[in-house]
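To begin, one chain is listed below as C-alpha coordinates, in the form predicted alone.
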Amino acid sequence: MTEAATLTYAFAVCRGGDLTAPAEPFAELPGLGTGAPVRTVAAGPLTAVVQDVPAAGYDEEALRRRLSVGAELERCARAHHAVITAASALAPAVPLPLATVYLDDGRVREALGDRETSFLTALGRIAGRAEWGVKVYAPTGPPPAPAAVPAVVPAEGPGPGGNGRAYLDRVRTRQRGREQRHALALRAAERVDAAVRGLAVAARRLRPHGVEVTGKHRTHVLNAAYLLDLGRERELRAALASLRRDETDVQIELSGPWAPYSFADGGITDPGAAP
(Lines give C-alpha, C1' and ligand atoms only; values in the text may rest on other atoms or scores of the structure.)
Protein backbone atom coordinates (compact mmCIF):
# COMPACT_ATOMS: atom_id res chain seq x y z
CA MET A 1 0.00 0.00 0.00
CA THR A 2 1.45 3.35 -1.01
CA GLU A 3 1.50 6.01 1.70
CA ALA A 4 -0.18 9.32 0.85
CA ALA A 5 2.14 12.18 -0.05
CA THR A 6 -0.03 14.68 1.76
CA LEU A 7 -2.19 14.84 4.88
CA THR A 8 -5.08 17.19 5.69
CA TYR A 9 -4.44 19.70 8.45
CA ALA A 10 -7.65 21.11 10.01
CA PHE A 11 -7.86 24.56 11.63
CA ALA A 12 -11.52 25.22 12.45
CA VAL A 13 -15.11 24.14 11.88
CA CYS A 14 -17.99 26.39 10.78
CA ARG A 15 -21.57 25.88 9.68
CA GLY A 16 -21.61 24.97 6.02
CA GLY A 17 -23.79 27.82 4.86
CA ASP A 18 -21.84 30.46 6.78
CA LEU A 19 -18.80 30.38 4.49
CA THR A 20 -20.51 31.73 1.43
CA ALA A 21 -17.41 33.02 -0.34
CA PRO A 22 -14.42 31.45 1.35
CA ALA A 23 -12.14 31.00 -1.62
CA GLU A 24 -10.77 34.53 -1.91
CA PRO A 25 -10.06 35.37 1.74
CA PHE A 26 -8.60 31.95 2.50
CA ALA A 27 -6.55 31.85 -0.69
CA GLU A 28 -4.59 34.85 0.55
CA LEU A 29 -3.55 33.06 3.73
CA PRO A 30 -0.22 31.21 3.84
CA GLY A 31 -1.52 28.84 6.51
CA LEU A 32 1.39 26.70 7.62
CA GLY A 33 3.51 27.83 4.71
CA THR A 34 3.36 24.58 2.78
CA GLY A 35 2.44 26.29 -0.48
CA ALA A 36 -0.95 24.59 -0.62
CA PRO A 37 -4.05 26.80 -0.43
CA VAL A 38 -6.19 27.04 2.68
CA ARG A 39 -9.55 25.61 1.62
CA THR A 40 -12.74 24.05 2.96
CA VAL A 41 -14.13 20.53 3.28
CA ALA A 42 -17.91 20.22 3.62
CA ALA A 43 -19.75 17.46 5.48
CA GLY A 44 -23.48 17.79 6.03
CA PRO A 45 -24.23 21.03 7.89
CA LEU A 46 -20.57 21.59 8.76
CA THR A 47 -17.48 22.85 6.94
CA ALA A 48 -13.88 22.40 8.04
CA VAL A 49 -11.16 24.90 7.13
CA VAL A 50 -8.15 22.83 6.08
CA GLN A 51 -4.84 22.81 4.24
CA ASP A 52 -2.84 20.04 2.58
CA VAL A 53 0.49 19.43 4.30
CA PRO A 54 3.33 17.07 3.30
CA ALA A 55 3.07 13.75 5.09
CA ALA A 56 6.82 13.65 5.64
CA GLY A 57 6.72 16.84 7.68
CA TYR A 58 3.41 16.47 9.50
CA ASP A 59 2.93 12.82 10.42
CA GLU A 60 2.82 11.98 14.12
CA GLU A 61 6.56 11.59 14.61
CA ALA A 62 7.46 14.62 12.49
CA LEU A 63 4.95 16.77 14.36
CA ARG A 64 6.34 15.63 17.71
CA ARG A 65 9.82 16.70 16.63
CA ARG A 66 8.58 19.91 15.05
CA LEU A 67 6.58 21.07 18.07
CA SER A 68 9.38 20.24 20.50
CA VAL A 69 11.40 23.14 19.07
CA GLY A 70 10.33 26.41 20.66
CA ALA A 71 10.70 28.59 17.57
CA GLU A 72 8.86 26.11 15.35
CA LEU A 73 6.11 25.65 17.94
CA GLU A 74 5.59 29.42 18.00
CA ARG A 75 5.55 29.63 14.18
CA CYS A 76 2.96 26.86 13.90
CA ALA A 77 0.83 28.33 16.70
CA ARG A 78 0.84 31.77 15.05
CA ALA A 79 -0.05 30.29 11.65
CA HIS A 80 -2.82 28.18 13.20
CA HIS A 81 -4.20 31.21 15.03
CA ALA A 82 -4.09 33.40 11.89
CA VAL A 83 -6.31 30.99 9.94
CA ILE A 84 -8.75 30.62 12.83
CA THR A 85 -8.95 34.41 13.16
CA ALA A 86 -9.66 34.75 9.43
CA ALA A 87 -12.36 32.08 9.59
CA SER A 88 -13.91 33.73 12.66
CA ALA A 89 -14.10 37.02 10.77
CA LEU A 90 -16.27 35.32 8.15
CA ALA A 91 -18.48 33.22 10.39
CA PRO A 92 -18.71 31.63 13.84
CA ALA A 93 -15.84 29.15 13.94
CA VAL A 94 -14.91 26.46 16.45
CA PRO A 95 -11.11 26.46 16.75
CA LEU A 96 -9.52 23.02 16.55
CA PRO A 97 -6.44 22.18 18.63
CA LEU A 98 -3.01 22.84 17.20
CA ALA A 99 -1.72 19.92 15.11
CA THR A 100 -5.11 18.43 14.20
CA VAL A 101 -4.15 16.27 11.21
CA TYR A 102 -6.15 13.68 9.25
CA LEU A 103 -5.06 11.14 6.67
CA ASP A 104 -7.23 12.76 4.00
CA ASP A 105 -10.41 14.75 3.38
CA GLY A 106 -12.51 11.61 3.85
CA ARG A 107 -11.29 11.28 7.43
CA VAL A 108 -12.12 14.94 8.00
CA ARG A 109 -15.70 14.31 6.86
CA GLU A 110 -15.92 11.27 9.15
CA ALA A 111 -14.73 13.34 12.11
CA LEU A 112 -17.25 16.09 11.37
CA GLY A 113 -20.02 13.52 11.14
CA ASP A 114 -19.01 11.81 14.40
CA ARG A 115 -19.00 15.11 16.30
CA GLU A 116 -21.78 16.88 14.41
CA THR A 117 -23.98 17.46 17.47
CA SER A 118 -21.07 18.72 19.57
CA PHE A 119 -19.88 21.11 16.85
CA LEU A 120 -23.38 22.45 16.20
CA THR A 121 -23.90 23.00 19.94
CA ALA A 122 -20.59 24.89 20.17
CA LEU A 123 -21.39 26.97 17.08
CA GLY A 124 -24.77 27.87 18.53
CA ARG A 125 -23.09 28.98 21.74
CA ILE A 126 -20.40 31.18 20.17
CA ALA A 127 -22.46 32.78 17.39
CA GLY A 128 -22.49 36.55 17.85
CA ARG A 129 -20.01 36.35 20.71
CA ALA A 130 -16.29 36.69 21.34
CA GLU A 131 -13.86 35.52 23.98
CA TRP A 132 -12.03 37.96 26.26
CA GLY A 133 -9.22 37.17 28.65
CA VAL A 134 -8.73 38.78 32.06
CA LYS A 135 -5.59 38.27 34.10
CA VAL A 136 -5.04 39.57 37.61
CA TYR A 137 -1.58 39.77 39.17
CA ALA A 138 -0.40 40.47 42.70
CA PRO A 139 2.87 42.41 42.87
CA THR A 140 5.35 40.51 44.99
CA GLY A 141 6.95 43.70 46.30
CA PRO A 142 10.62 44.59 46.60
CA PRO A 143 13.08 42.03 48.01
CA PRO A 144 14.18 42.39 51.64
CA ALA A 145 16.78 45.03 52.30
CA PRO A 146 20.26 43.46 52.45
CA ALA A 147 20.88 44.95 55.92
CA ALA A 148 17.93 42.95 57.28
CA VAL A 149 19.63 39.61 56.65
CA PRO A 150 22.80 38.90 58.65
CA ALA A 151 25.60 36.93 56.99
CA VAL A 152 25.42 34.30 59.75
CA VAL A 153 22.18 33.58 61.60
CA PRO A 154 22.70 32.82 65.29
CA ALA A 155 20.76 29.76 66.41
CA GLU A 156 19.13 31.81 69.17
CA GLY A 157 20.11 35.08 70.64
CA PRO A 158 22.09 35.32 73.88
CA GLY A 159 18.86 36.32 75.61
CA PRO A 160 15.71 38.35 75.14
CA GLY A 161 16.35 40.88 72.40
CA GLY A 162 19.31 38.94 71.01
CA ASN A 163 20.30 39.19 67.35
CA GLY A 164 18.89 35.74 66.47
CA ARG A 165 15.45 36.38 67.90
CA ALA A 166 15.26 39.84 66.34
CA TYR A 167 16.15 38.37 62.96
CA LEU A 168 13.52 35.64 63.25
CA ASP A 169 10.93 38.25 64.21
CA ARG A 170 11.75 40.22 61.07
CA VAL A 171 11.43 37.05 58.96
CA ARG A 172 8.04 36.22 60.48
CA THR A 173 6.85 39.79 60.00
CA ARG A 174 7.82 39.72 56.33
CA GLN A 175 6.13 36.35 55.90
CA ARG A 176 2.91 37.59 57.51
CA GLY A 177 3.04 40.65 55.27
CA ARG A 178 3.38 38.50 52.16
CA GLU A 179 0.49 36.27 53.27
CA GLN A 180 -1.73 39.27 53.98
CA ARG A 181 -0.94 40.86 50.61
CA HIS A 182 -1.64 37.56 48.85
CA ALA A 183 -4.97 37.17 50.67
CA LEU A 184 -5.96 40.72 49.69
CA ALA A 185 -5.01 40.00 46.09
CA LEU A 186 -7.09 36.81 46.00
CA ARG A 187 -10.14 38.65 47.34
CA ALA A 188 -9.62 41.40 44.77
CA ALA A 189 -9.36 38.77 42.01
CA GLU A 190 -12.68 37.26 43.12
CA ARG A 191 -14.33 40.68 42.87
CA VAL A 192 -12.89 41.20 39.38
CA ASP A 193 -14.10 37.76 38.31
CA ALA A 194 -17.58 38.38 39.69
CA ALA A 195 -17.86 41.73 37.91
CA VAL A 196 -16.85 40.35 34.53
CA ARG A 197 -19.03 37.25 34.91
CA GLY A 198 -21.94 39.64 35.29
CA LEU A 199 -21.35 40.74 31.70
CA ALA A 200 -20.62 37.31 30.24
CA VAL A 201 -22.75 34.44 28.98
CA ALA A 202 -20.08 31.91 29.96
CA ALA A 203 -16.83 31.94 31.88
CA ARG A 204 -13.95 29.61 32.49
CA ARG A 205 -11.12 29.69 35.02
CA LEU A 206 -7.79 28.71 33.46
CA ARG A 207 -4.60 27.59 35.18
CA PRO A 208 -2.60 30.60 36.39
CA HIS A 209 0.82 31.04 34.84
CA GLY A 210 3.96 30.33 36.84
CA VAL A 211 6.94 32.56 37.47
CA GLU A 212 8.53 31.45 34.17
CA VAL A 213 5.80 33.45 32.38
CA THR A 214 4.93 36.21 34.87
CA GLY A 215 8.46 36.95 36.08
CA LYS A 216 9.50 37.17 39.73
CA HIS A 217 7.97 40.58 40.31
CA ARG A 218 4.35 39.40 40.35
CA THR A 219 2.12 36.40 41.06
CA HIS A 220 -0.73 35.34 38.80
CA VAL A 221 -3.90 35.10 40.92
CA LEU A 222 -6.61 35.02 38.23
CA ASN A 223 -6.50 33.69 34.69
CA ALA A 224 -9.99 33.60 33.25
CA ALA A 225 -11.78 33.59 29.89
CA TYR A 226 -15.21 35.10 29.33
CA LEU A 227 -17.64 34.74 26.44
CA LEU A 228 -19.40 38.03 25.78
CA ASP A 229 -22.01 39.11 23.28
CA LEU A 230 -20.60 41.27 20.50
CA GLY A 231 -21.20 44.91 21.27
CA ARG A 232 -20.44 44.68 25.02
CA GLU A 233 -16.78 45.67 24.67
CA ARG A 234 -17.41 49.21 25.91
CA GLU A 235 -19.17 47.92 29.04
CA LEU A 236 -16.34 45.48 29.69
CA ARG A 237 -13.62 48.12 29.34
CA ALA A 238 -15.56 50.55 31.55
CA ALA A 239 -16.02 47.89 34.24
CA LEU A 240 -12.33 47.07 34.24
CA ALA A 241 -11.36 50.75 34.33
CA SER A 242 -13.50 51.13 37.45
CA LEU A 243 -12.02 47.99 39.00
CA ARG A 244 -8.49 49.25 38.36
CA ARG A 245 -9.32 52.42 40.31
CA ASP A 246 -10.80 50.44 43.21
CA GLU A 247 -8.56 47.39 43.39
CA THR A 248 -5.19 48.99 43.99
CA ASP A 249 -3.65 45.80 45.45
CA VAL A 250 -3.58 44.07 42.06
CA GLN A 251 -2.76 44.59 38.39
CA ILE A 252 -5.58 43.83 35.94
CA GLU A 253 -4.94 42.99 32.27
CA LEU A 254 -7.50 42.54 29.48
CA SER A 255 -6.92 40.80 26.15
CA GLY A 256 -9.18 40.14 23.20
CA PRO A 257 -11.41 39.82 21.40
CA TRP A 258 -10.31 36.29 20.56
CA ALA A 259 -11.78 33.39 18.66
CA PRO A 260 -13.59 31.36 21.35
CA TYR A 261 -10.81 28.85 22.09
CA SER A 262 -11.99 28.32 25.68
CA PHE A 263 -15.62 27.67 24.73
CA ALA A 264 -15.23 25.34 21.78
CA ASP A 265 -16.26 22.09 23.45
CA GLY A 266 -19.94 22.87 23.25
CA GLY A 267 -20.83 21.76 26.73
CA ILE A 268 -19.77 24.63 28.91
CA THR A 269 -22.30 26.17 31.20
CA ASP A 270 -21.48 28.45 34.07
CA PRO A 271 -24.14 29.25 36.62
CA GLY A 272 -22.22 32.34 37.64
CA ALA A 273 -22.45 33.89 34.20
CA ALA A 274 -25.19 36.20 33.05
CA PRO A 275 -28.14 34.59 31.26
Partner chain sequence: MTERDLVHPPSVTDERHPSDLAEILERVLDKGIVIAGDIKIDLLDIELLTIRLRLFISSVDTARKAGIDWWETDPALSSRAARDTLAQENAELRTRLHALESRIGAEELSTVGAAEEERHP
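Numbering follows the first chain given and starts at 1. Keep in mind that what you see is a predicted model, and the values were worked out from it rather than measured.
Below, we turn to the form predicted together with the partner chain, even though it does not appear here.
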Tell me, out of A225, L32, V38, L228, which residue has a non-hydrogen atom within 4.5 angstroms of the partner chain in the predicted complex.
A225
To verify the annotation, which of these, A130, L199, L90, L98, has a non-hydrogen atom within 4.5 Å of the partner chain in the predicted complex?
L98
Using a 4.5 Å heavy atom cut-off, state whether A183 contacts the partner chain in the predicted complex.
no
I'd like to know if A43 sits close to the partner chain in the predicted complex, meaning any non-hydrogen atom pair within 4.5 angstroms.
no
With a cut-off of 4.5 Å between heavy atoms, is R218 one of the residues that contacts the partner chain in the predicted complex?
yes
With a 4.5 Å heavy atom cut-off, would you call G17 a contact of the partner chain in the predicted complex?
no
What residues of 105 to 120, in sequence order, lie within 4.5 Å of the partner chain in the predicted complex by heavy atom?
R107, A111, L112, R115, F119
